[in-house]
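Below, in structure tokens: the form predicted on its own, a single chain.
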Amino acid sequence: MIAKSSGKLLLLAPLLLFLGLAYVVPFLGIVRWSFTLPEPGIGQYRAVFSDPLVQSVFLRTLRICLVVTAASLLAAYAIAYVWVRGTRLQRMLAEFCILVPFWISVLTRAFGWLALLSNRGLINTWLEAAGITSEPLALARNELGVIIGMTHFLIPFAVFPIASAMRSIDERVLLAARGMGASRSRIFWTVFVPLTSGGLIGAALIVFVFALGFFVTPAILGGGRSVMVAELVYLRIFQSPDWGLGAAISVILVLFIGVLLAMMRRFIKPAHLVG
């Protein structure tokens, strides 16, 4: 038994060494910056919790992430339902819509949404040409554009745990509810949805964690007017000599994500996450 455990550790050693060199060592350097730049102490962490600008960015990030998570779950639940319980053609179309976005880079998708949502984009051009609006709608370079772009990117990640939870439902439970006279809507809301709650929670945590670290989509679709935490770290590190504050924000974000991942491991089965 001990020999078998030692063999597993030897097999994992190269991976653990790589992860340590690629992630742990650089992160420890960021932690050191947060306590030493521009001078030793915890002044940068005090600034994080006292600077109105940093607080507003954190609140905006939390608000956008919550909205994106809710919107992604609603769309993903509908898509997963069709993918699992639809006809053969519906399942093929749903699978196509789920998998194709993975082949398109986040940068390409962000610029695609910018071409659709900008003042001179396709949507505003069509609306004005049809006489529906007399001036362009503010669909981009604001929080709305950021939410649309992030939701579009994150929906496929929410589909897999939800679909996995749906596939694990015993059909006999649904047949028993129908045999007792329950209507389709009642079966859906009182039986089907509660049985998929594990997948919903897992999908919510996955989407929320991904959304916290988004940079490209908010930077492009927000136009500098809807700065989120990741973009604020970039601005502090690369566009202003405030490396200590940027490092402190990064450490707090990593610790917060770590807490969320611990919650995910506590409440969600791994099978619901991998699909």
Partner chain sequence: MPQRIPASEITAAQIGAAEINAENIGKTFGAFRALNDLSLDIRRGEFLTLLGPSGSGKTTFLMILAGFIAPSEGRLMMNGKDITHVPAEDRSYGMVFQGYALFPHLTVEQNIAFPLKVRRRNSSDIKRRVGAMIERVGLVGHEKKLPAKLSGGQQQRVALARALVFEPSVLLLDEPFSALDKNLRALMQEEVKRLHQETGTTFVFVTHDQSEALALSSRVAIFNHGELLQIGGPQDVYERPASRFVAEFLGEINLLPLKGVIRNGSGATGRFEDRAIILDRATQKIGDEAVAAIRPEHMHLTETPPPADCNAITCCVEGATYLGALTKYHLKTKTGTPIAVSIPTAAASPLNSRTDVWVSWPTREGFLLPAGE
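Residue numbers count along the first chain shown, from 1. The structure presented is a predicted model; accordingly, all values stated were derived computationally and were not measured.
The next section is about a form of this same protein that is not shown, the form predicted in complex with the partner chain.
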Review point. Should residue 178 be classed as touching the partner chain in the predicted bound form when contacts are defined as heavy atoms within 4.5 Å?
Key: yes
Check your understanding: Is there a non-hydrogen atom of residue 194 within 4.5 angstroms of a non-hydrogen atom of the partner chain in the predicted bound form?
Key -> yes
Review point. Does any heavy atom of residue 173 come within 4.5 Å of a heavy atom of the partner chain in the predicted bound form?
Key: yes
Point to revise | 4.5 Å heavy atom contact, residue 186 to the partner chain in the predicted bound form | key: yes
Practice item. With the partner chain left out of view, choose which of 148, 116, 127, 182 has a non-hydrogen atom within 4.5 angstroms of it in the predicted bound form. Key: 182
Review point. Tell me, which of 90, 190, 133, 108 has a heavy atom within 4.5 angstroms of the partner chain in the predicted bound form?
Key: 190
Exercise for review: Spot the stretch among 79-87, 135-143, 165-173, 116-124 with residues whose non-hydrogen atoms come within 4.5 Å of the partner chain in the predicted bound form.
Suggested key: 165-173
